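Take a look at this single chain, the form predicted alone, given in structure tokens.
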Amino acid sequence: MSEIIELSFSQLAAAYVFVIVLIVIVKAKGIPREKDILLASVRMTLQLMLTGYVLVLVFENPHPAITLLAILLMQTFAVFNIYKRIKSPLSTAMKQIIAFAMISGTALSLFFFILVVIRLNPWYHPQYFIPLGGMIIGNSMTGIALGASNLVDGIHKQRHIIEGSLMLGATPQEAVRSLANGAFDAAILPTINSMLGMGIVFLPGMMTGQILSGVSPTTAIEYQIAIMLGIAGSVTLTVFLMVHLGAKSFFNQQKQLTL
């Protein structure tokens, strides 16, 4: 069977039974999450519907400016989402570093993937560029959010240890090395775990979507391997930039810790 099964309104509505079951369970358990679940479900539905209509227009009118604008908007939302996820206060310098690491790291990884791995022609073809960009940006956003949160929280909690190390003659880099390494490890761990379980424990979304649309499983696997390696590279690059530059932002020119 090569044709995809179109979902009717009633079929799509039936899927919301899972949301109702979730609300019933959390209510029975006394967990005050009913409003959050309902809001998340409605917001997800509206956002995806709007995105679908926008993508139809973009796909029918391919243009490099429109494709780049779409990626820029995705980058912007991702950066502000990272700010919201981090509970600790962020300095202006740290916010700038997060934005720089996110935008530069994902852009470099995406263009390398498009131009060298996929060899897309024309390079701005939105049917490939935007979905691939979304996967790379989304995973990098999660990685930076985890890494930055661990780095900032760790420096605040271990302030006295860091200052003690500085008094004993350690450089700022040496004083925060363990924290920086821990933040980097926490950020890339979800990507590594996802790679470990892929293909045996679960089938990833991109591969599942291609198979459902009638693409050969072997072709879908090739694309999934390529994009997963691209995601791993992007997460690594963006988190490395954020951790390396972010750790430095907590020290002044006199090598003193400033919070």
Partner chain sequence: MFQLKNIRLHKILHIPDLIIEGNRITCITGESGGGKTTLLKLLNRMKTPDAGTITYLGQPLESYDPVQLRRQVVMMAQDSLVFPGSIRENLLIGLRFSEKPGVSDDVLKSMMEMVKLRKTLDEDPSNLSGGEKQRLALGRVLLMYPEVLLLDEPSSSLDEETESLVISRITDYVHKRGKTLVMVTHSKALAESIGGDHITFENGSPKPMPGGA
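Residue numbers count along the first chain shown, from 1. From a predicted model like this one, the values you see are computed outputs, not experimental measurements.
The protein also exists as the form predicted in complex with the partner chain; that form is not presented, and the subsequent description refers to it.
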query: Among the candidates Pro172, Gly154, Gly182, Gly134, the residue which, in the predicted complex, approaches the partner chain to within 4.5 Å (heavy atoms); finding: Pro172
query: The partner chain in the predicted complex reached by all of Gly164, Met167 and Gln253, non-hydrogen atom within 4.5 Å; finding: yes
query: 4.5 angstroms heavy atom contact with the partner chain in the predicted complex for His160; finding: yes
query: Stretch from 82 to 90, 172 to 180, 139 to 147, 99 to 107 whose residues place a heavy atom within 4.5 Å of the partner chain in the predicted complex; finding: 172 to 180
